[in-house]
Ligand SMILES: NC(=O)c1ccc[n+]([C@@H]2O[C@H](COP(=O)([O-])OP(=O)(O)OC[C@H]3O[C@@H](n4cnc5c(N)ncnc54)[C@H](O)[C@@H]3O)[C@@H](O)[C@H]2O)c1
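Just one chain follows, in the form predicted alone, and it is written as structure tokens.
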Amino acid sequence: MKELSFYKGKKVLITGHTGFKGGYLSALLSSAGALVTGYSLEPPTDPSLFELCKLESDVDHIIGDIRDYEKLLKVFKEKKPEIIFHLAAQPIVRTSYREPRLTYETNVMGTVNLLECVRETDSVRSVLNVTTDKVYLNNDEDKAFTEDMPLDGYDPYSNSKSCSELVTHSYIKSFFSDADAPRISTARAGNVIGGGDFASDRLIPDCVRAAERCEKVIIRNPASTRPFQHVLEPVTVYADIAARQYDEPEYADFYNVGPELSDVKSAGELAEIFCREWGDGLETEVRNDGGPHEASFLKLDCAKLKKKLGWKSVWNVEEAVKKTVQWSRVYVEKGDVRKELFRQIEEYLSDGKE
């Protein structure tokens, strides 16, 4: 991994900085000395990691909609960012079934707006568009997706992220192919867990809420298999990709970002790990609510990431759950969650060096 000291003094723009991943990325890069501007809607949940950890103090915090091209362009012109991380999105599968138009407007036209702003801003050197592992045509076969497989997400969320990938590919070929053009990559990350995720319709936040209320953890689809990883795994990969391609264009590419295949777990297995780690007699209960279609099997082949960046996972899934429980217990017990956030970042980076 390229040393995070690279970011000291660099002008960075993060869209979606008030979200779960965006909050962790903001904390990571600001602690490395980056000059971070965040552009996002208000935090998407209440409570939120962003507000609980007082991350507004670490970034130039701008409230704005990624669909508002004129406002976004004004931010680009004023802040003159060098490095862009595009995380602003409607990220929930079930929400995309209820609000498909909002999902496509945000995830597709939001990407178009961002890349148009890049075209209009000479300062930009490096761009990373964060999509999802759900961009692939998924027939629920027991195989790991590689980056050259067809893109065709099923539900509006997954499909809109497939479209975001295709928009990015077109812009690279149409407008950013010259040697001196900004370097642009996409990152297709697996399901992330970690302290401070309060989203609805996500397994680990549901586990934390159940533990807080001393209730059973309700699991909708216990057999659904996903590449679960701690949020600091992809976030540090994002930072590494953007830093490397800043000076070395051969790193600009399309990357899967997921855990070791041994850490691909079913929802039922992950919930059981959480219950064991939390203790207090916490139990699970299967209760299928007959919700909309979601793929039952998803696994990523991350050989390209390992080969090109020399990447290795730092925390396995058990350790990821342990860190999630540690942060969540600090929150439940009304402790210093900001201190715990930055402590875990330091611990992750230290473990990575080892």
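Keep in mind the model is a prediction, meaning the values are calculated, not measured. Just count from 1 along the sequence shown to find any residue number.
Below, we turn to the form predicted in complex with this ligand, even though it does not appear here.
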Between I241, C207, L114, A88, only one gets a heavy atom within 4.5 angstroms of this ligand in the model of the complex; which residue is that? A88
Option touching this ligand, based on a heavy atom within 4.5 Å in the model of the complex, out of N138, S185, T103, T132: T132
Tell me, yes or no, whether I66 is in contact with this ligand in the model of the complex, where a contact means a heavy atom of each within 4.5 Å. yes
Looking at the partner-bound form in the model of the complex, is N191 within 4.5 Å of this ligand by any heavy atom? yes
Do L41 and this ligand come within 4.5 Å of each other in the model of the complex, heavy atoms counted? yes
Hey, in the model of the complex, does Y255 get a heavy atom within 4.5 angstroms of this ligand? no
Stretch in contact in the model of the complex with this ligand, which is absent here, among 304-312, 58-66, 319-327, 30-38 (heavy atoms within 4.5 Å): 58-66
Across 142-179, the residues having a non-hydrogen atom within 4.5 Å of this ligand in the model of the complex turn out to be Y157, K161
